[in-house]
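Below are two forms of the same protein chain, given as structure tokens: structure 1, then structure 2.
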Structure 1
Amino acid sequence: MPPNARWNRVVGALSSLKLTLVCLALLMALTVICTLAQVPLGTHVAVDRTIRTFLVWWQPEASSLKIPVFPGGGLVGFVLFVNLALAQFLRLDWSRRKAGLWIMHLGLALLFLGEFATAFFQVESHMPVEIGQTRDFTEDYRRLELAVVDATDAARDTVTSIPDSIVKAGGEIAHASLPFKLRVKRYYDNAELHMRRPTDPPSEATGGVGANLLVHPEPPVSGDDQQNAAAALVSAVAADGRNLGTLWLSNALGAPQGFLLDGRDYKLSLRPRRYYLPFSLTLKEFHHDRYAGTDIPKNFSSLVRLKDPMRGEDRDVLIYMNNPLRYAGKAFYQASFGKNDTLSVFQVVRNPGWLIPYLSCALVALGMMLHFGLKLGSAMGGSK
């Protein structure tokens, strides 16, 4: 078969209507699979394992082997994007009467690009803040970091943050800002921590509260209302080889642990990953309104003070349900509350492509109106 004929067959297959229907059917099947998977896995894990992946993997119980069993949303979306793009350029006429179809195809292509932008660039975090408290960072509860804080200066902390991916890999961790090295001996994605009993074996930790704890690994949890209690057994080693202590670190522990080295006070903790902001929010008021005579929530609202010295911002902002604060590329949504209505929790979303789905829907609607408008005009003109 000549090369050109072979190439034409490939292009024809990629731009065919049959491939479009197959991709749409696969996307519908993935939607059902993802919906069912949310019960045991939780929303975020289910979406990551089915929609925002190129392959859906199955792992047999008590095995490290992973077997691909279904195309993921990333792969199906990419193939459908190529299919629509080729179909548009190869099959649609460059004429005014097809302008609506061109606009609709462009809108659909943007929809897929928007999902890819969301999957790769969106970052979700939370900001819990109490009345009267000021925060200039958000926290990602699904990602952790090992924070090493030089707390010697009472007026200012110097923080070195190590992502959990590096801690999970184990081995030795060295950083230019630290006069010592960290050796990760163990890491558990989820663990049960309880006080040691006299009959328990000796602890591997030599300092901190971990020396009095028994740490037992547990299967990771994935529910939306659950959080893993990760644990890491970490030793600090000075430049001269001295062991500065072996500590159990966990995001379930309420306080950091540490040691002294050359007169400096170092605190270590395993905590939710922090994203620092160039501005701050102070919670002035929080209101939790209920329907009269019931405990059914009617509205949540937070009055915050936004301060950004770099931009000269110093103003009050009211955040309430379906009315987020959008500032500096981030959206702050009213998400939750606690501590007898003295604590407000904001969900913070950074999504550079948040406008793409709106533009996509507008283009599809415009294309449909234009296409059917031209059809209707042509039909009315032919009937005269």
Structure 2
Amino acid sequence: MPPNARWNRVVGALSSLKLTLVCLALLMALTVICTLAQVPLGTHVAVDRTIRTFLVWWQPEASSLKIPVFPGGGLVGFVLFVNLALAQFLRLDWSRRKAGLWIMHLGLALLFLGEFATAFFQVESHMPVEIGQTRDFTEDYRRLELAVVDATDAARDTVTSIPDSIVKAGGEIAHASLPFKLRVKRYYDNAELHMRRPTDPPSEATGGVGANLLVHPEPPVSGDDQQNAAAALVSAVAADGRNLGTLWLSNALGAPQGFLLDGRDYKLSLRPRRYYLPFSLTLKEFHHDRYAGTDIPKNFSSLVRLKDPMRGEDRDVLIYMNNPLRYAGKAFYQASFGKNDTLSVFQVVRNPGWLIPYLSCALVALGMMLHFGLKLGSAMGGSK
């Protein structure tokens, strides 16, 4: 077979509408699987394992073997996108009658691109802020970091952040800005922390609150309203090999723990990863309106002061339901509240592709109306 013919066959297959149908069917199946998987797994994990992946893997219980069982959303989406693009250019003629189809498929292609952009670039985090507090960072509850804070200078903290993936890998962690090494002895994705009773075995921690705790590993949870309490047993070792302290760190523990070294005060904590912002928000007021005579929430709104010295911004912003603050590529949404209505929690999303769906929706709607409008016109004309 000449290479050209083979090439043509591949292109023909890739652009065929049969492939479109297969992809649509697979996508429907995936959607159903993803929906059902959310019941035991929670939304995030279910989506990560079925949609935001190229293959759906199945791991038999008590086995490290992973078997791909189904194409994932990424693969199906990619094939569908290629299929759409090829079919469009190879099979559809440029005519006025087909203009609607062109416009709607262009919009569809954009929608695919938007979803891929979301999958790769979207970062979600949270910003809890109490009335009167000023915050210039957001927190990612699903990713952790081991933070080493040099708190010697009361006015300014020096923070060294180590991502949880490195802590999890274990072993020895050295960082240029730290005069000591960290040795990770244990790491649990999820653990239960109890006060140690006299009959319990001695704690492995030598200092901090961890010395009074019994840490028991638990299977990780992934439900939408559940959170893992990760725990790490970490020793700090000075350059001369002296053990400065072995601590149990956990995001379930509030206060940081630490030690003194050469007159400097170091505090260690395992906490949600922080993303620092070049601007700050101060919560001035928080309102939680209810319907008269009930506890049914009617509206949540936060009045914040936005300060950005770099851009010379200093103004009040009202964030409420269905009305986020979009600033510097990030959107701040009213997500939650607490502490007797003195704490407001914003969900912070950075998604560079957020405008794409708006555009694509308009295009597809326009295309369909054009196309089906023409068809309806001829059907109505035909019936007379």
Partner chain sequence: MRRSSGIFAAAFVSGLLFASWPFFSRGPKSEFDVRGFSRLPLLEGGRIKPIDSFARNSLLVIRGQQSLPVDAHRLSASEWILDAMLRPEAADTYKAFVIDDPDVLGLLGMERSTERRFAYWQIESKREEIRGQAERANGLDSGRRSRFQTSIINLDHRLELYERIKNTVMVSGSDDPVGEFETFVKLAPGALKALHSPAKAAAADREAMKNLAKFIDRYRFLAQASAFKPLPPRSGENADEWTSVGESILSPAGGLDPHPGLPAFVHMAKAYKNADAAGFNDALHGFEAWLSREKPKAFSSAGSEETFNRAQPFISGMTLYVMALLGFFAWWGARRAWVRSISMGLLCAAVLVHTLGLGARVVLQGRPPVTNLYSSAVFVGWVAALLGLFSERIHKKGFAAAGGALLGFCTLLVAHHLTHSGDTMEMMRAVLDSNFWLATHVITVTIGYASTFLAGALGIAWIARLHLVKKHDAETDKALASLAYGVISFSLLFSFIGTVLGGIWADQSWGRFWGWDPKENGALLIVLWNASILHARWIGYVRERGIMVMAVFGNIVTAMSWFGVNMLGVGLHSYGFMDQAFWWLIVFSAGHLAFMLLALLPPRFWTREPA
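Reference numbering: structure 1, starting with residue 1. Here the rigid core means the biggest group of C-alpha atoms that line up within 1.5 Å when the two forms are laid on top of each other. In this text the structure is predicted, and so the values were computed from the model without any measurement.
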Return 1 or 2 according to which structure is the form predicted alone.
1
Is it true that Met368 shifts between structures 1 and 2 by 2 Å or more at the Cα, once the core is aligned?
yes
